[in-house]
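In the structure tokens that follow, a single protein chain appears in two forms: structure 1, then structure 2.
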Structure 1
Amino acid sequence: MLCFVYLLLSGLMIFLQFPELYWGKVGFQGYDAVFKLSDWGLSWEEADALGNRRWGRNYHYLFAWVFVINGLIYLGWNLWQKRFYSKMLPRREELSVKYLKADMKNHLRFRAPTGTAARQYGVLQKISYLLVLFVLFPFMIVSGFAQMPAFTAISPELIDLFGGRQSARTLHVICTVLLLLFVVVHLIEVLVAGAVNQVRSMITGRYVVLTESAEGD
């Protein structure tokens, strides 16, 4: 979470000093942009004054390393413990349309699971975790690489795969927005499920399970 905040903040600081996105191999001020912050009410000069890419670049790389090292430890530990398989892989019956619909309804009504169901990840939760861990995170890392000049020699194929380094930059930003959405939804879910109980369980392992009747009282 600390990593996410720093990576987001430092990324934003870098972006603000060049607040336009392009598609393809090249892009610069005056070139056809696919996104201009100035179209959204913040002029180039205003954004530039808010940003600080020197600070941003230093911290972006620092926390990218913290993120990657931490991520590898997390990945290794969970593979070792077979936790991805037992906790995150949706069971066959969970993937039925009926089940998914029911889970979706519960989420939209902000109804938290009770009883034994509360101890497990819900199916939508499982899918979103897998998506973040194995699609969005790797995508962020690789699209970051595709923007680095060293990779024009290490792996030009990677840059071509994105359609050019400007496309990689644009996709990096889009992926950031998706991750931000995930974090916001995730935080709302934690609140719905009872923040005190959840956080206590993360730190101490103690988790109070509400039963249907207790909830009704």
Structure 2
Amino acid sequence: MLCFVYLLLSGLMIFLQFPELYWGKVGFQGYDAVFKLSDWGLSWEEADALGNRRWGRNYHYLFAWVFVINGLIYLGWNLWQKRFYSKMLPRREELSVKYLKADMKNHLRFRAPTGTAARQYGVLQKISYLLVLFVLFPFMIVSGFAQMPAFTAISPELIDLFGGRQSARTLHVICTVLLLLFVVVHLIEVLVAGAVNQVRSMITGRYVVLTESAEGD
């Protein structure tokens, strides 16, 4: 979480001093952009005054490496354990339309699971975690490498993979927004499920399972 916060803040400092997104290989002030912060009420000059590209780059690169190394260790450790697959992979019956609708309704109604179901991930949780672990995080890392001159000098095909450095930057920002949305939804889910109970279980391993009757009382 610390890495994510620093990556987000440092990335924001970098973006503010270049507050436009482009598609392709070329991008500069005055060039056709796919997104302009000025369209949302903050001019280029105002955004530039708020940003700090030098500080942002230093910390972004530092915590990017910490994030990558930590992520590889976490992923490798979990993939080595068999319980990861039973815990994270949805069962066939969970992927049915009926099951997905029921799980979606529970989430929209902010209804936390009770009993033994509280000890397991719901199907939407499993799908979202798998997408984050195996799609968004890898894409974020690769699109970040495509913006680093040191890596693109060694592997210029990274730029071609995204159709240009500016395209990689734009997709990197979109991926950041999706990850931020995931974090916000995740925090809401923690509050719905009981923040004290959830945090205590992370620290002590003790998780109190509420029954439907206890929840109603």
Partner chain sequence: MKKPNPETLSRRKFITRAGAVGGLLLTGCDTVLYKPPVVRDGLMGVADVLTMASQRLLLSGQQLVQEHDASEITKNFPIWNQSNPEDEEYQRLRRGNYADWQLPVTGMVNRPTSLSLEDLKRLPRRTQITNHICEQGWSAIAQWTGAPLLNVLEAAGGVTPEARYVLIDAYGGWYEGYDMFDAVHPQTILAYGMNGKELPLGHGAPVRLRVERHCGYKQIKFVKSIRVVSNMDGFGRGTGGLNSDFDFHWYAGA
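Structure 1's sequence is the ruler for residue numbers, which start at 1. So that the term is clear: the rigid core is the largest set of C-alpha atoms that superpose within 1.5 Å between two forms. Treat the numbers as computed from the prediction; the structure is a model and nothing was measured.
Requested in this report: Structure 1 or 2, which would you say is the form predicted alone?
Outcome: It is the second structure (the form predicted alone) rather than the first.
Query raised in the report: Would the C-alpha of residue 134 be classed as shifted by 2 Å or more between structures 1 and 2 after rigid-core alignment?
Result: The answer is no, as the C-alpha of residue 134 shifts between structures 1 and 2 by less than 2 Å after core alignment.
Query raised in the report: When the two forms are laid on each other by their rigid core, does residue 84 show a Cα shift of 2 Å or more between structures 1 and 2?
Result: Yes, the C-alpha position differs by at least 2 Å between structures 1 and 2.
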